[in-house]
Ligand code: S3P
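Presented as structure tokens, the chain that follows is alone, the form predicted on its own.
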Amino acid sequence: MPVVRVKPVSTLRGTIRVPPDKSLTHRALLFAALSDRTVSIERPLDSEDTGATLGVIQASGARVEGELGDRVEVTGVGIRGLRPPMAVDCMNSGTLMRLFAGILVGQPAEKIVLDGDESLRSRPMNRIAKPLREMGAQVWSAPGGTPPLVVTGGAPLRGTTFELEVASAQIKSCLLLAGLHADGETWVKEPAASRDHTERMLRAAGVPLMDGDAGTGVAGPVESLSLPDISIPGDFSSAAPHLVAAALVPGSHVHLESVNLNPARAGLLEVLRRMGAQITVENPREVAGEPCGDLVIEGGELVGTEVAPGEVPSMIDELPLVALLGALARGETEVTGAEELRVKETDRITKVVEALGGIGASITERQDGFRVVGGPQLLGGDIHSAGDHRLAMLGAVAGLVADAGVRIDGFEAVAVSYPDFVADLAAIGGVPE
């Protein structure tokens, strides 16, 4: 569906179960491939990104049975047993490229080329290539620090302490995975807390990690890991469009089942509460070291808020939706410290400002974020996804509250993370056509 138009609605009501968590699916597949046992993964996300990861571990020697979206069994080859092909296609997945690079440096592999699509080829990879070389790895990017990456495994690695300039779960994960194979301790310290899915899953797989003033560390070399069977909870980033839609449409009452509520990931909940949304967590529990629960949200009048730099890592994928909330809230909403948005699938600061400004929002671009002055309405119109799944979903949610609805061109981009988005939106009363 290259083009979708979403019409305004009077209310949203219903119960849905959002897709399984993409970040956890990537990691579960990769860590299962490195395990010394057969790992059962229930509800792994079926998407283009996770399909790329599944293909990579299969091509690298792991035996895989079952299907994404249902149940997959991965028979691992051990922590140093991967034998990838000479060319690895990461498609559009920056998570796969960065994490697999950290894994590859510890494998006895010949020269391996990690490449991807046009969008992935624009993303910065010197952020991992440079620190990996400091550890002794042989990793090189294209001129300009972008993919393809060339990785030669098997070089002796030494534990190193890193202080990252930006908070990034992907960079941190890459370096900790490389640290599994290094002599001595590898420490990673961030300027703010980023998602800790890798740390939680490594601990679940029996890898002892350290926490201290120097950040998070691992003492290598680690001889084995053994991921237990895992059931993947719902992806908070996929729940976010429905949460924001319900918050924006007065009288709404939406129930989202089994959502990952990792505090390093679910910062949007606090922003929604500050802005006046009514949110309840039901049936709280823990799944594979990750807190999760059912979310109930009701719409109401919203007020503007400020998102400070320290909050950004916990909601980096949801910041476009925060801009939409601000466009219809009373007062002003400002996001700062979000330069990382400029190096996502698109420059999301510029694209969000263009998209929302084009349908009537009062939004101003800043180098590290944006400022939105709330108003009583959005006019509606056209939004182009530019191949970015987050922008496609942003346009759909905006259509629910814009006077003339919103027509989203390039809507097929949602398949990267949420192929059934249209069906789920319709299940709670959205009107896509």
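A residue's number is simply how far along the shown sequence it sits, counting from 1. Remember, it's a predicted structure, so these values are computed and weren't measured experimentally.
Heads up, the form predicted in complex with ligand S3P isn't pictured, but that's what we're talking about next.
- Interface residue in the predicted bound form among Arg133, Arg158, Lys344, His255, criterion: non-hydrogen atom within 4.5 angstroms of ligand S3P: Only one option qualifies, and that one is Lys344.
- Listed residue that, although ligand S3P is not shown, lies within 4.5 Å of it in the predicted bound form (heavy atoms), from Gln107, Asn262, Asn92, Gln170: Only one listed residue qualifies here, and that residue is Gln170.
- Message: Partner absent here, but in the predicted bound form, which of 93 to 101, 180 to 188, 220 to 228, 326 to 334 has residues with a heavy atom within 4.5 Å of ligand S3P?
- Response: Selected stretch: 93 to 101.
- Tell me, yes or no, whether Arg195 is in contact with ligand S3P in the predicted bound form, where a contact means a heavy atom of each within 4.5 Å. Close contact exists here: in the predicted bound form, Arg195 approaches ligand S3P to within 4.5 Å, heavy atoms only.
- Does Ile316 reach ligand S3P in the predicted bound form, with heavy atoms at most 4.5 Å apart? Although ligand S3P is absent here, Ile316 would touch it in the predicted bound form, with heavy atoms inside 4.5 Å.
- Message: Please tell me whether any heavy atom belonging to Arg27 falls inside 4.5 Å of a heavy atom of ligand S3P, as the geometry stands in the predicted bound form.
- Response: Arg27 belongs to the contact set for ligand S3P.
- Counting only non-hydrogen atoms and a 4.5 Å cut-off, give the residues of 21 to 40 close to ligand S3P in the predicted bound form. Contacts from 21 to 40: Lys22, Ser23, Arg27.
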